[in-house]
Ligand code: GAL
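Just one chain is shown here, as structure tokens, and it is the form predicted on its own.
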Amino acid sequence: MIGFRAALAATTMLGGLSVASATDLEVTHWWTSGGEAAAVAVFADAFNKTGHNWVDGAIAGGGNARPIIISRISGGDPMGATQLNTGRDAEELVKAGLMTDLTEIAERDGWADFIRPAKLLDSCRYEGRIYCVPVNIHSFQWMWLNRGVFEDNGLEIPKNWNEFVAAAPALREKGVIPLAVGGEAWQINGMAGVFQVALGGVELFRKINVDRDLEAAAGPQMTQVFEAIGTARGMVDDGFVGRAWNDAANMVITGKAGAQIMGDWAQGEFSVAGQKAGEDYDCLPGLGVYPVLDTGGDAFYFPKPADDNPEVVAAQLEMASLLVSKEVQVDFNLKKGSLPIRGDIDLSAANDCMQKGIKILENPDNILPGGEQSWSSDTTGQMEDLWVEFFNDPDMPVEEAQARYVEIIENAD
């Protein structure tokens, strides 16, 4: 703690804007698509302007990156900073005392006064101390549609999932893949969560993901979710297995597919392609049925340096403060397609889809927990395995898949 307080004193005396000496910080993350790279460059440029040096350590794919990041930290080879999801990704590392304590910088800057929803900051707390900084609000609860695909083929642009299902056969006849899907486990699992809200409503989602209600997990509304996944299976092309999410997004952008169910980070890809919300593409929060958001997202953690170097800790604290500053929050999230964690900044430049998200967040009843906040990594992995197996196997009975799902919920941690 002595090194931490000395580092905090140094950043405080210098206003958090400069330090006595420049420090290299290796920063690991999995933001490698076009839109993500443009967004992370905002963070890197802002940090470099302080006189420090952002050493980029991008690792493609969250599923690949997360175990590498955790292994390095637990194995005594920590990076200077790392992106992880807001939630339980770093739970064991924090408990093991391997993360820099950010509490005093958070209190100095008043994070609790402007970070919303409050549960994002709560996800960073352990025994009353803060060990990460949320940088955005991401939600999987979105469907993205290419307007031209429907208009050029004489079809009404769907306003909800049922209208999309009705239009799918006509798209097939025109040689358009109705639904672009990436077959990675997290993508299929995320899509299932979207159907859970869109078909079962907020009540079903809360019963299962918050209350762990086994009756709800085994009930008829959840059966409809499995059936909807089966319907979606019939709308994809044969090349979906192993496809990256941004490649699926590109299928929608280029008109090869009509739509994609994917989190709001997909907006970054549309932006890089020069497309405009409401003109080139549309978005349906909650599949146009229940316009709600599950508010997960990304957070930055700062592993303790191996030698407790106070200059490294000072640079970590400076970065933490910078990531939630007003200007950086605006610039980063406009490029990322996510919503800012600050409710006190000007987002007049936000596009139509981001404005929809901002409106949804104004009502606390519309905010649901993200999967990373509800389930451990082990439970999430079991769910991913089940959904992938079910999606890939048209012969698996819904009854069998749902029974296995109930078992996972019953034994979840």
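The first residue of the sequence shown is number 1, and the count goes up from there. Here the structure is a predicted model, which is why all the values come from computation and not from measurement.
Omitted here: the form predicted in complex with the named molecule. The next part is about that form.
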Under a 4.5 angstroms heavy atom criterion, identify the one residue in G297, G337, P340, G258 near the named molecule in the model of the complex.
G297
State the residue from S123, Q196, N85, N209 whose non-hydrogen atoms include one within 4.5 Å of the named molecule in the model of the complex.
N85
Hey, in the model of the complex, is E384 touching the named molecule, heavy atoms inside 4.5 Å?
no
Look up in the model of the complex whether W245 has a non-hydrogen atom within 4.5 angstroms of the named molecule, and give yes or no.
yes
Any non-hydrogen atom of W31 within 4.5 angstroms of the named molecule in the model of the complex:
yes
Contact of W265 with the named molecule in the model of the complex (heavy atom, 4.5 Å):
yes
Quick one: which of 281-289, 112-120, 150-158, 297-305 gets within 4.5 Å of the named molecule in the model of the complex, going by heavy atoms?
297-305
Any residue of 129-145 that, in the model of the complex, places a heavy atom within 4.5 Å of the named molecule
H138
